[in-house]
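Below sits a lone chain in structure tokens, taken as the form predicted alone.
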Amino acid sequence: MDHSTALTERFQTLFGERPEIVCFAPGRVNLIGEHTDYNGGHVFPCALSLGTWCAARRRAGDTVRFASRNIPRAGVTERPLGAPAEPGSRLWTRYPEGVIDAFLRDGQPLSGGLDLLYYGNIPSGSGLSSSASIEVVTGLALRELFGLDLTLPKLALLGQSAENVYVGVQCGIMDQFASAMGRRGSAIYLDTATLRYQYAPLRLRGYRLVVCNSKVKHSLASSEYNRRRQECEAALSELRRVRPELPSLGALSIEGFDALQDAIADPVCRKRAKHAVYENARTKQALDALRADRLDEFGRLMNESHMSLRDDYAVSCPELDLLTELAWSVDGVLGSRMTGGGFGGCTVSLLREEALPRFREVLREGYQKETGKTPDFYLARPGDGARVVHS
């Protein structure tokens, strides 16, 4: 039985009627361009086949009922439509609640209550954007149920608004955009300052992209994530004393930053800004390398990205560093780096297909020896973005 059918049957058992619609939105893996999206830079993610399904229907009144097949013992959570956020809430429902709140703040006419049932197969806390997947699939369900004239990029922006305002995580647009706009077999090269984007086919004949889950769960709502954004904003503020017209760190070239960096008094903020600028440049170079089939160069840029995230941005952790170092030791691995917000989650590696068995063996044995944990491996197959499964 597929996920959509199982979800439909559970919906009918739980709510007494069949859903009007079932939607899906994927998670994502970011190949390169980390912590650049809220700095006006470029990112290079692709959507995955893993994601979140949502079965939904309208109901009388103004109550919204939420449930999840992943957390059956949580039962059904009821909230009045448009109820204010509960400060400090850790309930999973804060993500779809936040999307409803974002729609209402945007003036979208949500006329009535809802029944919403979710199922997701993205490992929680893995850094593969389970939260963005929930936000985008909720937005798509709302658009379809209420007949709203909203584009997929607009749904991504509303999902980001939900995370920023309701959940309290000052994330950029990358995760929601990749979930909404993914294309099978391609990565998305996105300018987060303008939302201009292009698809870059991943012609990886003889190579594999492999995601490795450290089993260390992270929380992007932690103070550390928001602190990085504050440190970048502080650096930008100081740079604007010299360059008042500077719109973002992403607008600086490496040469431009090197010439101005002494204007940033705090050495920590200077390192954060350096990562944002250098990572943006690496992302542009990675697109060129991919188009020219220079995968060795793409891999080198991935390695440099990880070292910068570890040393300048300080969002890695010992487990992610161990996984990347083990990957670098395997013959046939072109590049490996942490992916996602950091403080846990996953790495992504580019390797020759014949190196895959040895890669898994070295990482599994080395990681178990040092941490006592067994990592999980997923072959990253770039998939399509948010879509209606059936209605």
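Everything quoted here is computed from the prediction, not taken from an experiment. Numbering starts at 1 and runs along the sequence shown.
Although not depicted, the form predicted together with a small molecule is the subject of the following passage.
Engineer: From the list L290, C171, L239, I100, which entry has a heavy atom within 4.5 Å of the small molecule in the predicted bound form?
Structural biologist: Result of the distance check: C171.
Engineer: Can you tell me which of 66-74, 48-56, 32-40, 323-331 lies within 4.5 Å of the small molecule in the predicted bound form, counting heavy atoms only?
Structural biologist: It is the stretch 32-40.
Engineer: Can you tell me whether G341 touches the small molecule? I mean in the predicted bound form, with a 4.5 angstroms heavy atom cut-off.
Structural biologist: Looking in the predicted bound form, residue contacts with the small molecule include G341, since a heavy atom lies within 4.5 Å.
Engineer: Indicate whether Y225 is a 4.5 Å heavy atom neighbour of the small molecule in the predicted bound form.
Structural biologist: Judged by the heavy-atom cut-off of 4.5 Å, Y225 is in contact with the small molecule in the predicted bound form.
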